[in-house]
Structures are given as structure tokens and as C-alpha cells.
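The chain below stands alone and is given as C-alpha cells, in the form predicted on its own.
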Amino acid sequence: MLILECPCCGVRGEETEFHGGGEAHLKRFGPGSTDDEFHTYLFSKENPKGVHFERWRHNNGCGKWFLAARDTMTLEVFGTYSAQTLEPPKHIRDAITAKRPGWTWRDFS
């Protein structure tokens, strides 16, 4: 079971207290986008074996969205951070590279 900490209110709890919202750091396309851009946004998602960045909502608490970095194989959570962040904070990237030496941050732009 995942243990997450909401960076907004500081509550630490099991994943059942939160709700997963899919992949984080996606470039969203809306009105005015091409069919290909919108199709990619809707259907082309990462499903890695290893480090993954996800959106989570604190359902049974403050109700705010945040982002989490975790390993999909071990369920290890490297950290959580604000949903308004464009990329993971340095301390989370450092925690990942300490345990996964070959890992590099993928540019999402």
C-alpha cells in the first residue's frame, strides 16, 4: 500500500485517503488544437516500469491536488509536491537519482 503525504495540508495517510488522477506533467491541448495533438493528449500515456510522476487529490482531507513521484515496481514514494510545479523539485530528483543512478529527468515541454 502507498503512503502519501499531502504537501498542501501535511497529512500523511494510506492511498485510500487519496484519489489518483493519472499522469503528471502532461502538456494539455484544448480548443484550437489539431486532432493529432488532442488525440495524443487523450490516449498517449506513459505506463513505465519504474519511476513515474502522478497527480493525486486529497479526497478525505483538504481536497487539493498535488503531484507524487513514485516507483511503480516497488511502490516507493520519492516525494510529493505542489500541483502548480512544472517539474519535480530538486530534492525529489536527487532522491530518485540516489536510488536509481541512471535515471534522468525527461523534458515534458
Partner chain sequence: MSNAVSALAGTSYDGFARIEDQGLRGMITLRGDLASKEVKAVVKATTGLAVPGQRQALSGKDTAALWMSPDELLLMCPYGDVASVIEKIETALKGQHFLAVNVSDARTFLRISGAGAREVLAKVCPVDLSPEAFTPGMFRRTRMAQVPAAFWLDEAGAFHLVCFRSIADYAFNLLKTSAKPGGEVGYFA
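Remember, predicted model here, so these are calculated numbers, not experimental data. Numbering follows the first chain given and starts at 1.
Another form, the form predicted in complex with its partner chain, is not on view; read the next lines as being about it.
Enquirer: Given that the partner is absent here, state which listed stretch (72-80, 35-43, 22-30, 57-65) has heavy atoms within 4.5 Å of its partner chain in the predicted bound form.
Expert: The contacting stretch here is 57-65.
Enquirer: Taking its partner chain as it sits in the predicted bound form, is residue 14 in contact with it (heavy atom to heavy atom, 4.5 Å or less)?
Expert: Yes, residue 14 is a contact residue.
Enquirer: When the contact criterion is heavy atoms within 4.5 Å, does residue 8 count as touching its partner chain in the predicted bound form?
Expert: Within the cut-off, so yes.
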